[in-house]
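Two versions of one and the same chain are coming, encoded as structure tokens; call them structure 1 and structure 2.
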Structure 1
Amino acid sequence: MTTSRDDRSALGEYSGGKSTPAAVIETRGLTKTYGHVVALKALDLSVPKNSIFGFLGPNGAGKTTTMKLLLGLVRPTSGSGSIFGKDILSEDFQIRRRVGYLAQDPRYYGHMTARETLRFVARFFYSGPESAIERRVDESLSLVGLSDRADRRIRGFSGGELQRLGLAQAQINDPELLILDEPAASLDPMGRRDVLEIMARLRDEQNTTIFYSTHILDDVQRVSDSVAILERGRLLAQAPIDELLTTGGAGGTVYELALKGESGAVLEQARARVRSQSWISSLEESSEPGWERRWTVRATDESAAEENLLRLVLKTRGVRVTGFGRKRQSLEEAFFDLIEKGGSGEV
């Protein structure tokens, strides 16, 4: 076998012998229009190496268009993009040998078995002894959990089995980058779980970067390191997922506090002191048993809040803080907040 990742690395084929850049995918102003329809508008994207990057958006947001542009399947109207530091237009052939791709609706020859399908695809990438190719096919079948169904005809496969086969086919060339278009969209919860586990295994065990599109919010929150949100061809946000889920969006940063007071008057005094600050945009309060309160505080100045918010509350004698931290919202909350407010490009 002559084109494994280790072989290519040893020959210095990665970036001309230079170290691999931190960002595997980068775009600058990448735009695609069809007549008067803007499918993608000035996309600036950066996908870190060895991450699972969720490309999130409703149907028609421009996710598939972006993937086709990156793979050289369509040409951009304007802007630029690179993968492994190589230009997606002038160096697309070199890129494709190092990338695996799974289309949203993959098609197969139903009369072939899973093993025959992978063997057929592998020969586009590998040369050398048949035993080496068979070993790679067996490794791929094992990775996606299809070893016991390797010699069944594909026409009898379930939706989940077909998607597993698609993942095996996409990574048969041991790619550094996997581009997956809605890999779990049509699967039941068990099938989706299996696909996400395979993606995590590829990142953790084979150091593969995974760039995948989806509109299933739960999947992104479960497995992704970073996320970008696209809507009507426009990038609303991109950030590490933990950062996205602890931000307050365009309205500021949100903090949650749990307090106990000697009396309602003492708690009201603390509340008034906090509300008087120019960098506090809102304070919502809910009552707990006795003289206990929970506050949700939105601050427009994060640094001022981190330095002063807790200190302001504790200035009031008779108040104890039993819980304090930035609010962690669900991805669904963050997503709809950005969609409704129109986003700000960077979180």
Structure 2
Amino acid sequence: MTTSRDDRSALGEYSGGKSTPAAVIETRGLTKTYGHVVALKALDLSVPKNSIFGFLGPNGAGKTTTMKLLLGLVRPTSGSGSIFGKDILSEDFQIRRRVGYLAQDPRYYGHMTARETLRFVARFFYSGPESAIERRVDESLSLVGLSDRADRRIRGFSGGELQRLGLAQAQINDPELLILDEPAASLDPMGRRDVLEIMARLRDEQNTTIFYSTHILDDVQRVSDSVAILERGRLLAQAPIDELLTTGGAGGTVYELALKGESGAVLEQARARVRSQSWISSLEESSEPGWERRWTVRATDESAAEENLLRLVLKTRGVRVTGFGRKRQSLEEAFFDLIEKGGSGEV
């Protein structure tokens, strides 16, 4: 448990460990091992209410295990977790009444039609007049565009149709929290776009919190409010997406500078001056033609950097600054940056 927290502080993690006031999901040191294999290592997660929270990581990172732990489908080896303030171990039944879940590669009963499948799911949540249940089923079919295939046996459904059915069954109870494991997998670009739209609408119109995993980083950047990145069971970062893109994932704020120097010596002098500052955590330099340089500077103290960085460089005689600004990474860059650093043990 401690190891992971220490790792994350070394990484300069942002909000992990802090309790978001209106968190729907919270875990503390949630760990799952299978024999000697650690599937999830002391996960501290906090998913804010009414947000779309992207859960990223390579295959085998522990995303599905986390979701199953939250739903009470597997039991933690240690640690704890809560959803809506209810314990995931002792109050899992109450939690499942308020949650919708779409599994990765969802499987249903092949002898049922799409309509029968949704009716089957709805009856776990509600009893009452058939007409009310049927109405709910019809709405869900319509929401995902399966009305015209409602009475076909799902044994013959394509991967995309199964995914849509999965989304329909996950939201049939108007859940306060949707847990979606790879919801856009096996969908074509149009289908993906529609899934993202449905997710955004559920958040905006029904205040649903959506916790989802995906490999499609573009989708995450388009629709998510916050993200967490997991690798080999370890949480590498957790932050609002804007913060993650600004800071590059590894903590601090990243600035880019374009410089021209009279000689290599003056550039070296400027670099040494900047590097000596306690609030600078790294400085990467790429060479351009002549005495031109491009620096990527990571600062741990944003205000110190914005007040002093440019001044420090310009203090060196013979150095001119042709460009300066805060760098905003793509999620892909931030993701690979974190994974590679996490994997090489540099964090």
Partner chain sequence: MKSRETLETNGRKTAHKDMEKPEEQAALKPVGGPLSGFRNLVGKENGEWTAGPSLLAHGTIWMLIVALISVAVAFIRGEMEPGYSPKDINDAGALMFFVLGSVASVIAVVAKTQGSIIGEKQLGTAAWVLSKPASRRAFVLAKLVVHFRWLLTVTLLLPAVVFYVLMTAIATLPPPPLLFLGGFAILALGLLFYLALSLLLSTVFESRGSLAGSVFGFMVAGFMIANYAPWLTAAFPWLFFQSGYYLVTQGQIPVYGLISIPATALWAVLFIFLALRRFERAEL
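C-alpha atoms forming the largest set that superposes within 1.5 Å between two forms make up the rigid core. Since the model is a prediction, treat every value here as computed from it, not as a measurement. Numbering runs along the sequence of structure 1, starting at 1.
Between the two copies of this chain, it is structure 2 that is the form predicted in complex with the partner chain. Superposed on the core, the two forms barely differ at R222: its CA moves less than 2 Å between structure 1 and structure 2. When two forms of a protein are overlaid on their rigid core, residues whose CA moves 2 Å or more are considered shifted, and G160 is one of them between structure 1 and structure 2. Shown in the overlay between structure 1 and structure 2, fitted on the rigid core, is a CA shift at L69 smaller than 2 Å. Taking the core as the fixed frame between structure 1 and structure 2, we note the C-alpha of R275 moving 7.5 angstrom. On a core-based overlay, S140 has a Cα shift of 2.3 Å between structure 1 and structure 2.
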